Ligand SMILES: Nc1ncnc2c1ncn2[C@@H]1O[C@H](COP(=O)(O)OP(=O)(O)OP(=O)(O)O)[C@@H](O)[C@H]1O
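Before any questions on how it binds or moves, here is one chain, the form predicted alone, in structure tokens.
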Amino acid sequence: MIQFRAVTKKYKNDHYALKNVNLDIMSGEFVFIVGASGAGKSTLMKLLYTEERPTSGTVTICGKNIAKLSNDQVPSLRRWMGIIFQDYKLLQTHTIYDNVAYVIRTLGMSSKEINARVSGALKIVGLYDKMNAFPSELSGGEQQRVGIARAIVNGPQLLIADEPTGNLDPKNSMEIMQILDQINQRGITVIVSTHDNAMVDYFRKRVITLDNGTVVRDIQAGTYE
């Protein structure tokens, strides 16, 4: 499904965020990307949804080199995936329902289809009864669950979560990871970058470790260290 081939990302100050990264992620996998701050985790995630482009090498998803996509082609790629951020990125003046519906209202769906999709996504994350609330009325864990609902409302094949529990306490972190695990069990590929060693150790998924921009460890059913 996903291939990185000799991927290097160099910034203008001659800092290498990634160096000659090679890896394959198969459809339906759940993968943790771990490593110290500055190891290259966020850069790798941004390459997947073309927030960044590689300096050299290829990033291929389902046979398409996404590094070569034009800016006009990027929205089509992103509709095929869901993205979850550490800081939620919710629209504070919109209800929870409207935050989730926002990403599919531009796709020409009927109101009935939008309502069905939004309601279904909110049920998956356990927030159906709070669809008329505003983000400020929710806890941090609940706001991140809204972020997950928004990411899955369009039925993506790939879910990318960049430090999704970075702002949460252990209880909420566990709830978020359990939801992501349940989504993965539906056949959706899930890639999570994290510093949360307890979560990585608990779930025993595939673990790819980055250090100074290179892959130094790749193990199935692994732990953080």
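None of the values given here were measured: they were computed from a predicted structure. Residue positions are given as counts along the sequence shown, with the first one as 1.
As for the form predicted together with the named molecule, it is not shown, yet the points below apply to it.
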Heavy atoms within 4.5 Å of the named molecule in the model of the complex: which stretch among 41-49, 182-190, 64-72, 152-160?
-> 41-49
Given that the partner is absent here, does R217 sit within 4.5 Å of the named molecule in the model of the complex, heavy atoms only?
-> no
Give a yes or no for H15: in the model of the complex, does one of its heavy atoms lie within 4.5 Å of a heavy atom belonging to the named molecule?
-> yes
Classify A36 as contacting or not contacting the named molecule in the model of the complex by the rule of any non-hydrogen atom within 4.5 angstroms, answering yes or no.
-> yes
So which bits of 144-160 sit within 4.5 Å of the named molecule in the model of the complex, heavy atoms only?
-> none
